[in-house]
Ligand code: HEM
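Taking the form predicted on its own, here's one chain by itself in structure tokens.
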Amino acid sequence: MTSSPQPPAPGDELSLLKAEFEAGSDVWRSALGGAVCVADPEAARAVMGNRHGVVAETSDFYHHRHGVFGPRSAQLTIGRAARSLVQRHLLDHRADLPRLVAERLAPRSEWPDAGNLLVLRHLRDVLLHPDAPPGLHRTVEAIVARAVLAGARQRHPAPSRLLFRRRALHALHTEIRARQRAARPLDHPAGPRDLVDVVVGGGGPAADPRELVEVYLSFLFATAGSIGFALGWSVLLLGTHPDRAAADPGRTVREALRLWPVAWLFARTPSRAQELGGTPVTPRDRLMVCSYLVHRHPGYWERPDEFVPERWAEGAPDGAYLPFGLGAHTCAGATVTVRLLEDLVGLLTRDWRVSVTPDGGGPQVGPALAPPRFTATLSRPDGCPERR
């Protein structure tokens, strides 16, 4: 690591943390709001795994505006049911992917929006079953367009965003209250129809519908947002490294998630006064585990900043890879997410030649780490142009 980092771009949290890390510390008090940043894999594992109660117990996924949705048993029930629903859908609709890619991505597509919208299209019946009110379908699509796509919020003035949020929350609240009254249990013979059924059935009849709305929105953001961004990073890396196009799709996906973890920053609160990686912390501090830096730690990774899918032939260094978190609150959808990404990347590398034209910008940094804007061009390996 160097002793003279480049100054970060104004307002770029990722650049700031990277510059501080390159100055020579693995756990340090950052200029970013005074938070203690964790980039050391061993310390990150201690915080995220929390085996010894070093941090206050929390959940990344089930957070809402007023706290954390619970109890834990409801979180586990919802997670299992959601995973089962998505797995079943992916298995039943895997054969749809070639047509969907041809229709949505060929011959040219604008990213990262193209990845988000493709995933939304493929999983739309999981998010909201076909017989749900048409107005609610339009609301969900509008939420993606106005709040999930990279940079979408900046394209609308604050009053417009506030008005839309109120309308969207009201529509979802109305639907969830109606389903609570209908009392369709998760063990219904036909199973849950969509993720609204999952959160309502898993939360139980006494759950606050406002909290269930936010849990559902977490699913929507994780599905159309996080999976779509992860697909975008994979496509961008393949397009800028044509010599790696023949790599195993699973290795490509894992390497993309290593270099550019969509969930790149995990916040925690120390449970007591203690030292973490030599840095004193107390319950008044905010810990930030930066998976982006953990994944590029030169003490654990060879050629840490390079796209090297073949490194995955031997697996990841122990504890230095956490794209979905770690411990009890690891993302419940990690397995199905990777499966869908592998299917899509495998399809693109098998049936298409992919080239990309970046717009020259860097990653779009927010709660999720989204790819820069780029254009992807798909052509058939036989040289024949794709016609729509």
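Quick note: we count residues from 1 along the sequence shown, nothing fancier. Computed from a predicted model, the values in this text were never measured in an experiment.
Keep in mind the form predicted in complex with protoporphyrin IX containing FE is missing from the figure; the text below concerns it.
**Request:** Would you mind picking the one in G346, G319, G325, P358 that has a heavy atom within 4.5 Å of protoporphyrin IX containing FE in the model of the complex?
**Result:** Checked against the cut-off, the match is G325.
**Request:** Find the only residue in A263, V148, V281, L237 having a heavy atom within 4.5 Å of protoporphyrin IX containing FE in the model of the complex.
**Result:** After the contact test, the surviving option is A263.
**Message:** Taking any heavy atom pair closer than or equal to 4.5 Å as contact, tell me whether V354 reaches protoporphyrin IX containing FE in the model of the complex.
**Reply:** Residue-level check for V354: no, no contact with protoporphyrin IX containing FE.
**Prompt:** According to a 4.5 angstroms non-hydrogen atom cut-off, is E342 in contact with protoporphyrin IX containing FE in the model of the complex?
**Reply:** Looking in the model of the complex, residue contacts with protoporphyrin IX containing FE do not include E342, since no heavy atom lies within 4.5 Å.
**Prompt:** Does protoporphyrin IX containing FE get within 4.5 angstroms of any non-hydrogen atom of N116 in the model of the complex?
**Reply:** No.
**Item:** Any non-hydrogen atom of R83 within 4.5 angstroms of protoporphyrin IX containing FE in the model of the complex
**Value:** R83: contacts protoporphyrin IX containing FE in the model of the complex.
**Message:** Only one of 359 to 367, 346 to 354, 54 to 62, 26 to 34 has heavy atoms within 4.5 Å of protoporphyrin IX containing FE in the model of the complex; I'd like to know which.
**Reply:** Among the listed stretches, the partner-contacting one is 54 to 62.
**Request:** Heavy atoms within 4.5 Å of protoporphyrin IX containing FE in the model of the complex is the criterion; list the residues of 215 to 237 that meet it.
**Result:** In sequence order, F219, A222, T223, S226, I227, A230 come within 4.5 Å of the partner.
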